[in-house]
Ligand code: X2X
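The chain that follows stands alone, in the form predicted on its own, written as structure tokens.
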């Protein structure tokens, strides 16, 4: 008699290897540059769980936070090649591929969130999304919030444009940032973010600019004394998909994915608003002195320096017209 164990031992391994019973039909990767505890990731995780449930397990998305798959530039390349299927990216950095994507970062363009969301959920966002589509990517309809950026300083409070005269301020590698601060009379210094703390500590730069959440997480309050509430630039994250991977999803699954991601985007916006209100008090308790400013004075200085006229030409009259339709005349 041939025993069952003997029979199985004689069979090729492939004969007993099976595919997991509940393996997803579409297994995608989502990368971003934020810590896992950031509202973007907590809300995205909730959306992904709902997507898996609503799709009956057909769509499974794995999250790679905190630049685990590489820098923003590296991951954007992976998104374009299809090595990564989803990626959230700042419009200001996406502008290296889609120039008009940085238009929401034009200095002092948006007075408040009451102008930001109608524009980005409306005509301006639609214009940018159409340009993104031309590069083989798909952008979800709702942007996620990164926040308004504020100026910090170790040497003096920045209350008016004149206070920026010759001021050494750290900026990311972006033409829009450099152009704006030069127009305000400052001396922008391009420094990678991971070197910002030491640059401020050693006075390579006297100040920097970032949303409150970044100032808090990076502990920049340890090497800065003043925080000027300038709201000089607003930025958000586009939730991007590789176009081939997106089109591979049946229409009903695409509808589920976008519906749930957009719903979580709206929740994340509310989270950031609540977080910013809390952080103001937290940062003050850590020694940062908050300084109020007049945005109209900064706008006037940029206009006088020709900043708006320069960027109107770079973005083109169509895109600029859509922006001004949302915020009023700039140039």
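Take the two forms, superpose them, and find the largest set of C-alpha atoms that agree within 1.5 Å; that set is the rigid core. Predicted, not measured: the structure shown is a model, and the values here were computed from it. Positions refer to the first chain, counted from 1.
Keep in mind that the form predicted together with the ligand is not shown, yet the notes after this line are about it.
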query	finding
Proximity to the ligand in the predicted complex, single hit among 226, 108, 237, 167 (heavy atom within 4.5 Å)	237
Single option in 231, 90, 179, 75 placed near the ligand in the predicted complex, where near means a heavy atom within 4.5 Å	90
41, 47 and 259 each touching the ligand in the predicted complex (heavy atom, 4.5 Å)	no
The ligand contact at residue 142 in the predicted complex, heavy atom, 4.5 Å	no
Contact of residue 33 with the ligand in the predicted complex (heavy atom, 4.5 Å)	yes
Contact flag, residue 242 vs the ligand in the predicted complex, heavy atom cut 4.5 Å	no
Interface membership of residue 193, the ligand in the predicted complex, 4.5 Å heavy atom rule	yes
Location of the ligand contact in the predicted complex, chosen stretch of 242-250, 97-105, 128-136, 142-150 [non-hydrogen atom, 4.5 Å]	142-150
Rigid core superposition, residue 91 Cα moves 2 angstroms or more between the shown form and the other one	no
Rigid core superposed: residue 173 CA moves 2 Å or more between the shown form and the other one	yes
Residue 220: Cα shift of 2 Å or greater between the shown form and the other one (core-aligned)	yes
